[in-house]
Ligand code: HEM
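There is one chain below, alone, in structure tokens, taken in the form predicted alone.
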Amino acid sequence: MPADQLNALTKSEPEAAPARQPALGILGGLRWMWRQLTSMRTALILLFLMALGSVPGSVFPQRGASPLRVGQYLQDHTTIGPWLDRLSMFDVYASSWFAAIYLLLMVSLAGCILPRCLHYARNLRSVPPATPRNLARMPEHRSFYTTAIESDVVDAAIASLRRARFRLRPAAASSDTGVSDVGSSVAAEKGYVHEFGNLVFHLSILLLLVGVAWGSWFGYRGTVIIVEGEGFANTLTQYDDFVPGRGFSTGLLAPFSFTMDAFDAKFLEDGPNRGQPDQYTADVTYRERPGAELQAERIEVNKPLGVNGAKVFLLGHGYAPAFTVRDGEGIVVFSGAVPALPQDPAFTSETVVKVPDAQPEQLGFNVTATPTAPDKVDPATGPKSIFPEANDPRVYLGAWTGDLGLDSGVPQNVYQLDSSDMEQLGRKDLGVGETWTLPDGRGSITFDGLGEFANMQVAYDPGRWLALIATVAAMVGISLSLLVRRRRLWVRATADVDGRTLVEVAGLAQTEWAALAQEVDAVVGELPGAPAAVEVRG
């Protein structure tokens, strides 16, 4: 063998270069991202994240529902509170991260459901699949012999299936692969409502998210504390706390107003739940717009006042002690009720009264109000109410004189008294109608009575009707999906060499369904020549 041929045979073959995957490119990358976002797995993950993101809304107080509790939480947790506030833990459902989750979920559901709707529409226009070759392999199978001819059996089957509202595909013998090549047959299908209900449910979830987003974008909610006998007008300046949507404008504020004429709080007086709230009611008179006729309404905890698309909710209540303060010259420099913050379930409440117009020096009072005063005050804990209802109101005052610091330009908490530049005048407890004459001719303070205030929330949500419709549709859709099963029935008649006709009836459900056997037996019972009991196979 020549040397060159020998070298060619003994020379090792070069290793093949590894195959290179084609680059996705920009369009390919976007297509891949879209497929990942619209997959069912991603939708389930986003649903889980939404449920997980809702947890802080039930753990921490929310500004939209209880701004007083949020302020108290921040006051009690000076270290972690500001960090939680930065993470929107007190405004969970209005936060940007929660909005991002449900917007991604909306896109994911839309990309997942809309193609399924198109596929379902194509299925509605299609005919049931042809009769399989071997019907005995179906979960439900019946067979018998009859003297009736094939066409009569098939005609009877068609009539029976039409009465049962099946969609039909009559067919003669076919030589296609997988299809009977002998006899005549009819294929029927029913239960398309199952898939329809499934799609309605998922579309309703998408519609619900749209309603929530619509209400969050164009709606608003605000809270206000209203003392018994005082009024409220639906303007921005009247709110203690106001949370607008991103698309909010002042034109969305309905021009209504109302006055809280009376507030009534009832508590259980005996039993293991003594002291628990029994009923809160607020009697109001309102006008839908300036100049409109006055109307009366009673607001309860689960019965809001609806005015021009907005709703007024009763969130809670508290007490507002009323005082009359005279300065050293005998002039009335303060008269009115001051809301007090509840400190315990018995509504021991605290507030302050600031009197900057008093002469010769400004006055300030720390106030502890007890709806039902104790017989004796424990020096270790201070005055504590023994029952939340105003059975024996009493206030415990601490009086100060000096500079309230209101002219310093630094914002102050209305429920706190800055006594750094003030001198204490003493302490005193008063019953209703009693007066404390301050020492050194500083004036006097009279406890006029213990009124009540209501914590109201005004909410405007233009998407709530859409959300309600979506919720009802989702319930209907899931009911249809659970109660209806998609199934197929086939009837085939084949002539025998002995002059008889072999009749086979088979059924297949999309999922396991006990009633399928009954439907198959019902069809068999209406065929000509069917015996009382037929052979059951499968």
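Here the rigid core means the biggest group of C-alpha atoms that line up within 1.5 Å when the two forms are laid on top of each other. All values derive from a computational prediction rather than experimental measurement. Counting begins at 1, following the sequence as shown.
Heads up, the form predicted together with protoporphyrin IX containing FE (HEM) isn't pictured, but that's what we're talking about next.
*Asks:* Which of N198, T372, S419, N366 has a heavy atom within 4.5 Å of protoporphyrin IX containing FE (HEM) in the predicted complex?
*Replies:* For this set of options, the contacting one is N198.
*Asks:* Can you work out which of A322, L105, I158, V92 has a heavy atom no more than 4.5 Å from protoporphyrin IX containing FE (HEM) in the predicted complex?
*Replies:* By the 4.5 Å criterion, the partner-contacting residue is L105.
*Asks:* Choose one stretch from 327-335, 112-120, 146-154, 391-399: the one whose residues place a heavy atom within 4.5 angstroms of protoporphyrin IX containing FE (HEM) in the predicted complex.
*Replies:* Partner-contacting stretch among the options: 112-120.
*Asks:* So in the predicted complex, does S481 come within 4.5 Å of protoporphyrin IX containing FE (HEM), heavy atom to heavy atom?
*Replies:* Yes - in the predicted complex, heavy atoms of S481 and protoporphyrin IX containing FE (HEM) come within 4.5 Å of each other.
*Asks:* Is A509 one of the residues lying within 4.5 Å of protoporphyrin IX containing FE (HEM) in the predicted complex, judged by heavy atom distances?
*Replies:* So A509 does not count as contacting protoporphyrin IX containing FE (HEM).
*Asks:* Can you work out whether M40 and protoporphyrin IX containing FE (HEM) are in contact in the predicted complex, taking contact to mean some heavy atom pair no more than 4.5 Å apart?
*Replies:* Judged by the heavy-atom cut-off of 4.5 Å, M40 is in contact with protoporphyrin IX containing FE (HEM) in the predicted complex.
*Asks:* In the predicted complex, does I205 come within 4.5 Å of protoporphyrin IX containing FE (HEM), counting heavy atoms only?
*Replies:* Close contact exists here: in the predicted complex, I205 approaches protoporphyrin IX containing FE (HEM) to within 4.5 Å, heavy atoms only.
*Asks:* Take the rigid core as the frame of reference and indicate whether the C-alpha of L103 shifts by 2 Å or more between the shown form and the other one.
*Replies:* Comparing the forms between the shown form and the other one, which are aligned on their rigid core, L103 does shift its C-alpha by 2 Å or more.
*Asks:* Fitting the rigid core first, would the Cα of T494 be found 2 Å or more away between the shown form and the other one?
*Replies:* No, the C-alpha moves less than 2 Å.
*Asks:* Comparing between the shown form and the other one on the rigid core, is the C-alpha shift at V301 2 Å or larger?
*Replies:* Not so; V301 is displaced by less than 2 Å.
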